[in-house]
Structures are given as structure tokens and as C-alpha cells.
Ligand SMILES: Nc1ncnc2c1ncn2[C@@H]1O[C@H](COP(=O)(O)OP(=O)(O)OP(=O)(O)O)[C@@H](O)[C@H]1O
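One chain comes next, on its own, written out as C-alpha cells in the form predicted alone.
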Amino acid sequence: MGSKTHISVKNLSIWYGRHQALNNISIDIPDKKITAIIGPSGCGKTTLLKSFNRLIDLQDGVSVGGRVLVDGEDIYAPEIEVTRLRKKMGLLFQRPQVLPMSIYDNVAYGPRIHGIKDKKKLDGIVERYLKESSLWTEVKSRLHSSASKLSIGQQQRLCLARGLAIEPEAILGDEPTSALDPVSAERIEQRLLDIKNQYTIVLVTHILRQARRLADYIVFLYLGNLIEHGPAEKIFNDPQDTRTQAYINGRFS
């Protein structure tokens, strides 16, 4: 995959204080596919995801060894501008985190920060990404009402629209459907499938059925170690490691 890979991890180890959360992980994340990071609770899935846009920086006592390359650039190098890095990554959390402003301003927020002031341009951006997130028809008559009045499923689609509006290269999702009802979850899943040819998508999920439905590529972590990774079909149908087999067959969670 060479230099085409947006995200490449080399010998990554991460500690929270004395606790080692990730142990010497090396992996290339395939471009324009959905990669699912799976594994039991507390095995380092979210830590790995948050290392891709340096959100782990926000926690005290974190130390990082090894490298994460985004577009060939080591994002942990001292000269890296974290804001510019984060512009490359849209982010969906477990619970939608809408900004305390209108629906319109939530989507326009990122483009405004990056210098777009023209109202006509912003109108076009807001409409385009609300459509991409399949929310436009539900909210077009109330764009200037508060985003917090939306249902939780609508809020998560709004967060997706907000993430897409900065035109990222990658979308990172930390269990993005776990707080949603089944219909809303299915809508988010469908949007991710619809847009995967345009973005590199990485999802943490503890729902194996979801990983089977969505993922092209699987990364299996266990106790901070990368046990196995590869095309989803191969990992689900012919796992090489007994721990992967045990996890996929539901012998532990």
C-alpha cells in the first residue's frame, strides 16, 4: 500500500502513567475502506483510535512511543500542528456531542474556523453535508433552531455532517451507534457504507455483528496487543490465532 496509506502505525506503544495500554503496534489502515477495531473491553481499541488524531493528548500522564504517520508525516513529531492534523479527521463519539448552537451553525462551525465567511458558500456546505448525512429533509425548515432539540439519532447524524463539512480524509468512530435506537443506528451504518469510497473510515465496535456488516478490514486487539489483522472475510471465516477464534465465536467478550 506504500505511501498511499493515510494512516500508518509503526511500533506504537502508549502508557497511561505506569499502565501500558498498547504494546508495540504496527499496522497500515487501508484507504477508502471501513476498518473495524474489535476486541474485548479494556484491550486498547479506543486508545488506538484516539492516537490517530492525538485526542489521547487530552488525558493526563500519557506517554507515547513509536510513530503514527498520517500522509507520511509523523504526527507525534514536536513541530506538528495538531489543529491541522485534526482537520483531516472527522470524529464520531459514542454519544453525539452537538455544539450548543443551531443546526446550521453546527455544520458551518468547522468551515468558518478554516476561513470560509461567505454566506452563500456556507449555505451550500450546510445543505450538502446535511444531505450526505441523510438529515436534510428532516431539518431544512428549522436550520436555525437549537441542535440540542434533535433526537439522539438525529444528533449523531448532525455530528457526522459536522465532521464531513471540514472535508476530512478520515472518519474515526468510537462505537458511534452504541447510544442509538436500532433505526437510528441503521441509518448511521448506511451512511458510512454510502460514503466509504470517499473516506478512510475507522470504527471501534464491540458489536461483532456490526463489524461483519460494515467492515472491509479487521484489527483485533487483545490486552493491548495486536493479535491479528486482515480483510474482514478472512478474519471472520479463517482466523489464524486461537484468541481471535475464541473472540469471534463468542467464548469471551
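Here the structure is a predicted model, which means the values were calculated and not measured. Numbering starts at 1 and runs along the sequence shown.
The form predicted in complex with the ligand is left out here; the points below concern that form.
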Can you pick out, from S184, T200, T47, N53, the residue that has a heavy atom within 4.5 Å of the ligand in the model of the complex?
T47
Counting only non-hydrogen atoms and a 4.5 angstroms cut-off, does S41 reach the ligand in the model of the complex?
yes
Is there a heavy atom of A21 no more than 4.5 Å from a heavy atom of the ligand in the model of the complex?
yes
Just checking whether F236 would be counted as a contact of the ligand in the model of the complex - the rule being heavy atoms within 4.5 angstroms.
no
Using a 4.5 Å heavy atom cut-off, state whether R67 contacts the ligand in the model of the complex.
no
For the ligand, considered in the model of the complex: do all three of K33, D216 and N249 come within 4.5 Å of it, counting heavy atoms only?
no
Who in 183-221 is close to the ligand in the model of the complex, meaning a heavy atom within 4.5 Å?
H206
